[in-house]
Ligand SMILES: NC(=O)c1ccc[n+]([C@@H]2O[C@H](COP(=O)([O-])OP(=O)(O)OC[C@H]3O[C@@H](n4cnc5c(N)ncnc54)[C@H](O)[C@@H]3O)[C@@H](O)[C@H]2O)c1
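One chain comes next, on its own, written out as structure tokens in the form predicted on its own.
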Amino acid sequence: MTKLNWGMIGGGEGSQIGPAHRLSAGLDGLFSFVAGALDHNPEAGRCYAQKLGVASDRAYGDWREMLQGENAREDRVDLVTVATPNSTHFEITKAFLESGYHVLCEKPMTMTVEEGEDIVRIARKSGKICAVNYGYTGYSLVRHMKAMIARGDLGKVRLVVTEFAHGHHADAADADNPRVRWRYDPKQAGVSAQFADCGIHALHMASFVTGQEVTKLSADCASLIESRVLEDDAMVNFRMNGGTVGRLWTSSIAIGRQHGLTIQVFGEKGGLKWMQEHPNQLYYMPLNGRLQTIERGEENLSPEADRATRVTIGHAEGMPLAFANIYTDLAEVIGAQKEGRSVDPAANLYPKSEDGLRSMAAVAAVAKSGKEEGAWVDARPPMFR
């Protein structure tokens, strides 16, 4: 397959997420990093892009300049990654989709459900990919977990329990730290803080592995550092369209927890458990059987797991390699469109704009339920009801 041209908006020098995207996009030699508008400071963005090897005429000062510049080129980018502050995702993603570009947007895809529905409509009308970076679904054993559930190894899924809890915002003295403060400011973060930041990863993971969508939920939200307007801890009960019951805990004040993304699925015939901090093992307990440890990279796993495995068994695979699997999926789908061929089914697992929309509907539902003392709220986007 011919190498695809890739561009990035945001993710400049000092960014937390930018290096992970650049490493992931370049890992398999499927994308060339050819264009970027990397910083809110135009000159800093241009300089850093050139430092990373981008030609001076494609090192742009802002995303509008990048859109105009790429539109004028025959070799314009095939895929644009949007890694800017949350409040800008909708405007940038919409503009590039409408101009005929494929887009990978960091989560959350938008700030409101209405914006999310607009993105879904635009992506469908344009025929372009709008992917959302729920990158943890790129882990090999998460994909094997999904395959096991789909082929019926657990029977009917009864219960899913998922967490994303850390303690990195537990210090009240950080109230004025700009890297922390914006997350709990409604003007910048929207209606939710911790759930919108981390909880939607856990909720999307539940839908991804079970193949079910959340229909309604009940939330208990708390701001345990009193100066915060938005929540730093939430417990969410939910129901899924296949009859599965769900439990989710997310927190940013859980001192001693580092990353904390964990998912357990319990069915009629067995249970599964996976932890992002120990991604090489998937624990499987068949009904009336013995606990089994499935190792990433071992023989006789699913095609989905095999395709997402990069190094031999016993060696650690981390977050950038999971992200790289999302980029590999996108390269396969974009390449198939260009070449007029069928897509490898094991590659059609990247999170889509519909997933981003469902997440925003869940964020709105959690905020509403939290204000109504845990009332059960419809969690579906209006266009999917």
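This is a predicted model, so every value here is computed, not measured. Each residue number is its position in the shown sequence, starting from 1.
If you look for the form predicted together with this ligand, you will not find it shown, but the lines that follow are about it.
Visitor: If contact means a heavy atom within 4.5 Å, which one of 267-275, 131-139, 217-225, 245-253 is the stretch that engages this ligand in the predicted complex?
Guide: Of the options, only 131-139 has residues within 4.5 Å of the partner.
Visitor: Between this ligand and N86, H89 and E106, in the predicted complex, does every residue show a non-hydrogen atom at 4.5 Å or closer?
Guide: So, yes: the whole triplet contacts this ligand.
Visitor: Of these, K156, K125, R290, R179, which has a heavy atom no more than 4.5 Å from this ligand in the predicted complex?
Guide: Among K156, K125, R290, R179, a heavy atom within 4.5 Å of this ligand in the predicted complex occurs only for R179.
Visitor: Of the options L330, A324, M360, A37, which one has a non-hydrogen atom that comes within 4.5 Å of this ligand in the predicted complex?
Guide: Filtering the options by heavy-atom distance leaves A37.
Visitor: Does this ligand come within 4.5 Å of any heavy atom of S369 in the predicted complex?
Guide: The answer is no: S369 has no heavy atom within 4.5 Å of this ligand.
Visitor: How about D197 - does it come within 4.5 Å of this ligand in the predicted complex, if we only consider non-hydrogen atoms?
Guide: Flag for D197 set to yes.
Visitor: Looking at the partner-bound form in the predicted complex, is R257 within 4.5 Å of this ligand by any heavy atom?
Guide: Residue-level check for R257: no, no contact with this ligand.
Visitor: Though only this chain appears here, would A25 touch this ligand in the predicted complex if you measure heavy atom gaps against 4.5 Å?
Guide: A25 lies outside the contact set for this ligand.
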